[in-house]
Every structure is written in C-alpha cells, then in structure tokens.
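Let's start with one chain on its own, the form predicted alone, as structure tokens.
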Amino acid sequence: MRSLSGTLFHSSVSNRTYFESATNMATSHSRSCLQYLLHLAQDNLDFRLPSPFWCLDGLSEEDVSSVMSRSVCAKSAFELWGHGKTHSELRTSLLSYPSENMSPFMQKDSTYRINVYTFNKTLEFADRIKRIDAMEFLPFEGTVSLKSPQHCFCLLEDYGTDPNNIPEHPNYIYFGRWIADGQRELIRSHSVKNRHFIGNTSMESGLSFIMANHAKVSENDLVFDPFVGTGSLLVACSHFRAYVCGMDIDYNTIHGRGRSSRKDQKWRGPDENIRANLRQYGTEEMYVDVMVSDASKPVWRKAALFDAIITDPPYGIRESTRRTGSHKDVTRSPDVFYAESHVPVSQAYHLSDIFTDLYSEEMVPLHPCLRLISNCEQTLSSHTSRRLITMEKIKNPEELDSLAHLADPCFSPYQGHNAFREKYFSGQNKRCGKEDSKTVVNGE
C-alpha cells in the first residue's frame, strides 16, 4: 500500500530497447549516456527544486517521455546537445557533440524548426531571428518547416529568477532537440473554476495531480480519500485510470445538497455530486462509491484494501473540523441499532487527533509501519504553512503499533496544532491591525 508515496515525477521503465531496428543498434551505446533537459513551470515551487531548468543523466528517451506523460510541473523535455554561460561557450559545446548523435535528425529529406525560449525576459522578434541565424554552423541539411516539422530544436536562455533585476545577457544557455511536452494542459482542463461540483475547500487541479504523482497512482489501482469533500483528488486519480472511492463526515457534501459554494448560485443542483465530476471528465467508470462516515472510526476490515490513500485533511479554517461524538457523558452499547436516517452528533476534531486517527492504526506523519518518502512544505503566509507528506507502508500493523506514538516524544508537538484555527486568524487579525494603524497614520 502507498500513502502518498513516490517522487514528484512518476517514471515507468519499459523492457523494450530504445532502438528497435538492428541498423540503429550500432549507435545505441553512444546514445545511452545522453543528457536531457527539463524546462519547468514556475509554480508549486515548494514541491520541487526552484530552478527553471534541470539536467538529467542516466535515462533513456523512453524514460523521459514517460516522465513527461505524467508531469504537470514540467513544460518540455529536450535531448541536450550543448550548453554554456555565453553563446561562444554554447558554440564550442555544440561543436564537440558527437556528430553520430546529430545526424539522424539532420538528413536532407527531413524537416525541422528552431524555437527560442527565454526565462524571465522577453526578446523582440528580430532578436529571436538573430539567435536562430547564429546557429547556422550546425550541419542542418533538411528543410525548414514552421507548421509541421519532423524535428524541433530549441535554444533556451536563462535570465535568472529575479524579475526586478534582469541581466542584459543570459546567465546560462542551452540547445537541444525537443522530445515531449508535459501535461500542463491538465491544470487548465480540470480547473475547479469550470468544474460541475465544487466546495469551499476544493483542491486546485495542479496540486491534485502532483499528489496523484507522489502516490504513483497507476491504472487499475484502488485509491481512497478519507476526507473526500467534493472529490478533487479522486478526479485526478481517475484520470490515470485508477478506481476511486472516499468518505466524508459531511452528509450534505457527499449527497450534493445544501448551499452552493458559487457566488452566483444559492443552492446546489440535483446533479451536483462527485460522480458527476468524474462524468464531466469522462472517467465515470472509475468511480467506485463514496459514503458518509467518520474517518476517526474504524469501518474497514483489517486487510490490505487500497493501493494508495491520498487526502487533504481539514484545517478548520474555511470549513470546521468535526467528528462523531458528544461532550456529554453518555455511553451506548456497541450493539445499539441506529435507524438508516440517523445522523450522529458531532464534536470538535483537532488536527492532532486527525494525525492519530487518519488511517485507523496508522498515524501521520510518524508511525512504525510507515516510512517517510518526502516532506514538502508550502508556505501559506508569514506564520503558516502546510506540508505534503509522502509515506510508504513497510509492514503490516501489529498490536503495539497503534500505541507507539504515545511513548514517542516526537508526538507531543502535534498537540500544538489544536489551536491552529485561532493561531491562523490571530495572525490575520494582527496583520489587519497593522494595516489599519498605517492608514490612520497616513490619514493624519
């Protein structure tokens, strides 16, 4: 079982060799040690290294294409032919690149195009043409085709990350052959702005796909979200052909009833539900079911049921955190029958309790059955942040594991999260107070 396991990019390596033709086998050894360049989008920087360009070694082109078929953080991938701090260094690097690696893409009967990409700076069209003309030393023998070339090549210039201090010349320059684009289109096509059913805390599409990639969600996996809400994480996982299910304590959310979260709509429509969201994206057949239930109470049989558990626990800011129970000293026999329409009383559910109860016998982020894979912190403000915790199950739980956190001193700091809502709004109120004070001073 995986609980948000893996790396930012998911890559599956095929047993098929990169070169299928025997005539190409002679060059396969020289092309097995190629370098590749990833051009990354500058968002969600908390979940990856902040550089806009990454150089990768030890991969095949098939590996890179597999990565790009999943990544929502990468724009494009290239086979890196040359690089340098100046155009002169780039030229030297390109001239030393093995000609046998270039020649398959420069034949007379081929068509090609050269693009110019700049990061943190916009070049005039005339300057782009000059950059392309300066590449005439490369032995291109094919014909230029701007609309539908067989091969695309790119000159990429990096002008740093400070928009207030853009240098006249690039800090670094790359040139390579385009291999594949990432899945950035998924962020737009699955935007919650255009989603049929949303709530106050619906997870934005980009982060939903990142979490699915962290969990290495694959075709025919069974994925579970114990705080499912309006099902944003299920939408992302179903896109990768995983079967999805979830639970939530909020009856109205699960059944799509009550007030709408859209400002121009008072009440939710009769067909606003999680299944309808999957239907919107053509993945309804991957929908298993969702149910009204309390994640802090055990409802599943003790067996390995799920391939991955992915969730975004409630913070108690825009939506309250609740669990079933009462503050009154009332006990009931476990055999008491509840009518089908019975809705149990709920009480406050603190973040520290959520950590303990989240997966029945397993606690996040510390438990003897789980191994930490990654811990990405996303800063929300000057005094708050949230974390994307990725863990992998390494053994089946034993009787003592459910109590291991009580004896571990590392658990005590989580109790401080109980007042997270108060601390969050305390910071907000302090900031507003400072702004009001500045307004008064300026008014005098």
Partner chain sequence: MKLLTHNMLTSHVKGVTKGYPLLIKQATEVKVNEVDFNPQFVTRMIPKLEWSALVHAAEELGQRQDLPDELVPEYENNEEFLKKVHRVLLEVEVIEGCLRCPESGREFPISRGIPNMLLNEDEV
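What you see is a predicted model, and the numbers here were worked out from it, not measured in a lab. Numbering follows the first chain given and starts at 1.
The form predicted in complex with the partner chain exists for this protein as well; it is not shown, and the discussion that follows is about that form.
**Q** Only one of 131-139, 154-162, 107-115, 282-290 has heavy atoms within 4.5 Å of the partner chain in the model of the complex; I'd like to know which.
**A** Going through the listed ranges, the match is 282-290.
**Q** Select from the listed residues Asp312, Glu79, Asp307, Glu272 the one whose heavy atoms reach within 4.5 Å of the partner chain in the model of the complex.
**A** Here the answer is residue option Asp307.
**Q** Sort through Asn220, Ser148, Gln265, Thr122 and report the residue having a heavy atom within 4.5 Å of the partner chain in the model of the complex.
**A** Answer to the contact question: Asn220.
**Q** So in the model of the complex, does Val299 come within 4.5 Å of the partner chain, heavy atom to heavy atom?
**A** Yes, Val299 sits close enough to the partner chain in the model of the complex that at least one of its heavy atoms falls within 4.5 Å.
**Q** Are any of the heavy atoms in Ile249 no more than 4.5 Å from a heavy atom of the partner chain in the model of the complex?
**A** Residue-level check for Ile249: yes, a contact with the partner chain.
**Q** Would you check, heavy atoms only and a 4.5 Å threshold, whether Ile198 touches the partner chain in the model of the complex?
**A** No, no contact at 4.5 Å.
**Q** Is there a non-hydrogen atom of Phe227 within 4.5 angstroms of a non-hydrogen atom of the partner chain in the model of the complex?
**A** Taking the distances in the model of the complex, the answer for Phe227 is no, it never comes within 4.5 Å of the partner chain.
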